[in-house]
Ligand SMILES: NC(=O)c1ccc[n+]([C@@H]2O[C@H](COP(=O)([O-])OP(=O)(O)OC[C@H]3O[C@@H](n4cnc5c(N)ncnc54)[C@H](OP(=O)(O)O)[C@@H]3O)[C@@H](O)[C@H]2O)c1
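Single chain ahead, written as structure tokens, the form predicted alone.
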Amino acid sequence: MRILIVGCGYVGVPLGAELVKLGHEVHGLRRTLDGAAELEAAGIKPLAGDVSRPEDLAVLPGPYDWVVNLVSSSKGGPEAYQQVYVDGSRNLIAWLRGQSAPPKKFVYTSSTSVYAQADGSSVKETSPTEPKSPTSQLLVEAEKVVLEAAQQGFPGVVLRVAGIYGPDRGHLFHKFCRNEARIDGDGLRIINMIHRADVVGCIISALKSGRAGEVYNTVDDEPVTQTTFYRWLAETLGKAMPPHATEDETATRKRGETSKKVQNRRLKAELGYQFKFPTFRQGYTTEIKRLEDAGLLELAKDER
């Protein structure tokens, strides 16, 4: 297969490397050619272009059999989300439809932040997606672009990806190590996670077996409360539990905050995916060992 990975960064590079190992020709698109050596080292052919600019797409060396849209807003606000996710998806689909041979599969990675549920309830792909934040609302809009195209014969698949952790990534873990973590309220807010290696595996499964027009929650097997997560880290690393957040800190964080158990049954049943790291325990055990072996595990002294 000839494959294009759009937004070839933290997930895209290992994805591309794995696809190269499987014998595919992989092209990786970034806004600039900065970091091209990283892609080339993984066997990926680097390309430069901005999905918000149709003229950039027009000069890319298509066609492609499989396309994965992993594009990132680089932590921008609503304007960046509109340009990158909504307009970018429209531009990509229009460009791909105009190729001599349209793709056999197009996978778009959305986010579980499209679910606004805050009562700890279980959510599946058919649950309401009515987020409060403007950026998450734009993610819903971008999903609609892909799914509406699928209704017209375009082979689009949406993956709603939970919080990604892995090498050099894991916001709550690193805050815990630096003594910056805080427990909100009663500590029962639910966190949904997935290891980067499993994101890669799920994307490949979706490319092979995902149904056009379908949505798959891409999350591991164990939604976990904040307290349970921090207690496991404390016991594993021999550190004290984080303190509870002050009322002001909690009030600030609660704006737009959610608490839900995102279910992955459809992903496993339809795509047959088997997780390398079914829960955060296996994933973070591997990550902690990696850091220890490299001499990079830095733990701040407990404050109490």
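Model, not experiment: these values are computed from the prediction. Sequential numbering from 1, following the sequence displayed.
The same protein also has a form predicted together with the named molecule, omitted here; what follows describes it.
By the 4.5 Å heavy atom rule, the three marked residues M1, K45 and L60 all fail to count as contacting the named molecule in the model of the complex. Heavy atoms within 4.5 Å of the named molecule in the model of the complex are found in exactly one of 121-129, 143-151, 97-105, 71-79, that being 71-79. V219 falls outside the set of residues with a heavy atom inside 4.5 Å of the named molecule in the model of the complex.
At the 4.5 Å threshold, heavy atoms of N91 stay clear of the named molecule in the model of the complex, well away from it. Among heavy atoms of H244, none comes within 4.5 Å of the named molecule in the model of the complex.
Taking the partner from elsewhere, H174 is found to have every heavy atom lying beyond 4.5 Å of the named molecule in the model of the complex. Between the options Q117, T135, Q226, S111, the residue in contact with the named molecule in the model of the complex by a heavy atom within 4.5 angstroms is S111. Comment: the named molecule is not present in this chain, but in the model of the complex one of V86, I204, I164, I183 has a heavy atom within 4.5 Å of it, namely I164.
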